[in-house]
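Before any questions on binding or motion, here is one chain by itself as structure tokens, the form predicted alone.
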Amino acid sequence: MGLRQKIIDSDFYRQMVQRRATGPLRAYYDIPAADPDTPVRDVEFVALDLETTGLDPKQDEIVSIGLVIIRRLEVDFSSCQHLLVRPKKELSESSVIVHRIFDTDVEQAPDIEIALAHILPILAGRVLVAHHAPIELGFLGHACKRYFGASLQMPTVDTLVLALRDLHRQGQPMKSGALKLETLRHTHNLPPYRIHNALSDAIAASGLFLAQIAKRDPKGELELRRVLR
């Protein structure tokens, strides 16, 4: 982890952005973050994925959000949510090809400000699970800053980072495509899934995370800090 990332993940940074936060983001920060010394079996996680119109949070927009909660190291499928989000611009052909969400699908959907107000209470006090988390944190953080005055700081488990640590620990060379979500799920004997759907991607990341934890610590006694990005 680089110095910049350490600062962003620090308690000092959280206190600083908390003072600037307004509305539902302020309420999010009023709930303390998970204690990093807590065993992972006692931590609640939210696996989350976004579909977007591109990869730049400053120029592109969120068009769907999928999430599912993990409790006691089990996926709570009753908590699954898939939200379509109405972007400000018309969807480009190139982005529709990827996520298969059309303008007609989102014309009645809530905008990102309303969507954030819905998901922030779900994220509060929990730990984010995502595959290549900078995408989710970047888009959510940019949107929070725009509408609620401050960025989003959230303790995060990145399943891609956990996989990379495994490779380094085992001294294995990294093959092309080895860190893709679908490849890692196959490596852990998990079934295929529909890619580029926010909810199925979130569920896929939750399954991979639980497989990674089971491989390292089947009893879930590992401290949270050891799996954070």
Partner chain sequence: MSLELKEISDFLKQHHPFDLLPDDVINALPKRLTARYFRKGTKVLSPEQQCLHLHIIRTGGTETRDPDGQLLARLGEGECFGVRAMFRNGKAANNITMLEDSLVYLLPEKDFHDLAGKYPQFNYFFEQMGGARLRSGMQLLEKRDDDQLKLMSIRVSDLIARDLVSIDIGASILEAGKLMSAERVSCLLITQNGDKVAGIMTDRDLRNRVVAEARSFDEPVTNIMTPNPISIGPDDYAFDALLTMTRHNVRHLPVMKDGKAIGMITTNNLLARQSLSAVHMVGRIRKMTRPADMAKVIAQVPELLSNLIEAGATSRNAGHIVTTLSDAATSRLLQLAEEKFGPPPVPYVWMAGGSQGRQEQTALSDQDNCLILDDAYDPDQHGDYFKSLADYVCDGLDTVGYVYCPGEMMAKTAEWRQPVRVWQQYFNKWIEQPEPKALMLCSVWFDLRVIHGTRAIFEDLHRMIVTKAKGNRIFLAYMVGNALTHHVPLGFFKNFVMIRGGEHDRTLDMKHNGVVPIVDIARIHALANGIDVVNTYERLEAAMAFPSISKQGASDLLDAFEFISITRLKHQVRQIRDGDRPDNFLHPESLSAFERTHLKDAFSVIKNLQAALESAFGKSGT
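Being a predicted model, the structure only gives us computed values, none of them experimental. Residue numbers count along the first chain shown, from 1.
The next section is about a form of this same protein that is not shown, the form predicted together with its partner chain.
- Query: So which stretch, 54-62, 183-191, 160-168, 25-33, is the one near its partner chain in the predicted complex (non-hydrogen atoms, 4.5 Å)?
  - Reply: Careful reading of the contacts points to 183-191.
- Can residue 50 be called a contact residue for its partner chain in the predicted complex at 4.5 Å between heavy atoms? The answer is no: residue 50 has no heavy atom within 4.5 Å of its partner chain.
- Query: Counting only non-hydrogen atoms and a 4.5 angstroms cut-off, does residue 195 reach its partner chain in the predicted complex?
  - Reply: Because a heavy atom of residue 195 falls inside 4.5 Å of its partner chain in the predicted complex, the answer is yes.
- Message: Residue-level question: is residue 104 within 4.5 Å of its partner chain in the predicted complex, judged on heavy atoms?
- Response: Taking the distances in the predicted complex, the answer for residue 104 is no, it never comes within 4.5 Å of its partner chain.
- According to a 4.5 angstroms non-hydrogen atom cut-off, is residue 199 in contact with its partner chain in the predicted complex? It does: once its partner chain is placed as it appears in the predicted complex, residue 199 has a heavy atom within 4.5 Å of it.
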